[in-house]
Ligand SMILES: NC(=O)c1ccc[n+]([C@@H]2O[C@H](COP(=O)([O-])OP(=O)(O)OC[C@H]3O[C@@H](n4cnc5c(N)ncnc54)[C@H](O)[C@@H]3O)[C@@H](O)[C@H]2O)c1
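Below sits a lone chain in structure tokens, taken as the form predicted alone.
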Amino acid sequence: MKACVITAERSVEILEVPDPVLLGPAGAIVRVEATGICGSDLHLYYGALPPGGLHPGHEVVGTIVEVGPAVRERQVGERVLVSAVVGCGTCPSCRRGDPIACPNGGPVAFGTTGQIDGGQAEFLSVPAADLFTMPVPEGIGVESAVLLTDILPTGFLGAQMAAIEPGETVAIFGMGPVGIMALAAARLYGPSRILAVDMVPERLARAAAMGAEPIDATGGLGALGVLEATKGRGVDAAIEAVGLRETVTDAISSVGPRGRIAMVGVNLEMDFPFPMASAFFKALSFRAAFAAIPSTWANLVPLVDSGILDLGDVVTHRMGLSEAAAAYEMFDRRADGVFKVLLDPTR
């Protein structure tokens, strides 16, 4: 089959690779209909790679073409969402939709470690298919379905961890795809104000169109802008959707006493300089988490299917898998108004 392979720093090729095989008797093979390029994929695009390169892609919607003998709830021909994050599939945590707490080698995101190949390819092998896939309702289009595999659950988790109460004021740092999903989810909790913090005018405009108040963080003035907008009081809760040191620090600086910070941006630094004094003297709550995707579907899929959860127009570019190198370059440079790219493996 054809698959996208990151072969070197900022180098993407479409190569012929072996067809996937079942990952155990509970696994399934999915023919990929659409797969997204995520901001997390850029970390791989920039960084060190295992020998032979990395097969990325953890946002996948497709049709099951093969199932193992232990699969009970899925069948060939079924169109499914695939969870970006998986675990062993047998432990109690995986069985309740929480591969983050899997003690048997989890969690693993497809295409990020070389342990499990990703879905920017013609086919994807999924372990424990009954747990880590879900049928796509007929009313949900491919774009919304791809969002449900990763970034919508991640944004929803940010809003959930922020414990937003009706009437509160919320700041969201980073209005990329995850931040926009956090904005859509935060609105469900009834805050009186949502402040959207970013430096990219197009992203601020997108957030404003969804009802948020834009705060321009150019020059490192994100937290200051939030404090000015709240007359120095700060916000009740902040959602951090970038993962940079600066945006995490800004999120902490922007909340008032007993404020709550929810971090869903990716930062894997072991020596992160956490501003402990601010957290201590303001009695802050800080939560950070990798999203347990399957645990969110029971709530999110009906909200998307009914139209209650308005996702906006997130996908700006649909390209063929053969164009993956150009798609990565464009996404990296934020060229041509790109926001979210879907790749079609049939092209």
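All figures in this text were calculated on a predicted structure; none of them were measured in a lab. Residue numbers here begin at 1 and follow the sequence given.
One more form of this protein should be noted, the form predicted together with the named molecule, which is absent from this view; the next part is about it.
Against the named molecule in the predicted complex, the set Gly179, Asp198 and Ala291 is in full contact: each member has a heavy atom within 4.5 Å. Partner contacts here mean any heavy atom within 4.5 Å of the named molecule in the predicted complex, and among 90-98, 67-75, 265-273, 133-141 they occur only in 265-273.
Of the heavy atoms in Gln120, none are within 4.5 Å of the named molecule in the predicted complex. In the predicted complex, no heavy atom of Gly111 sits within 4.5 Å of the named molecule. Contact annotation: His43 falls within 4.5 Å of the named molecule in the predicted complex, judged by heavy atom distances.
The named molecule in the predicted complex comes within 4.5 Å of a heavy atom belonging to Arg203.
Of the listed positions (Pro214, Gly234, Pro107, Gly243), a single one reaches within 4.5 angstroms of the named molecule by any non-hydrogen atom in the predicted complex, namely Gly243.
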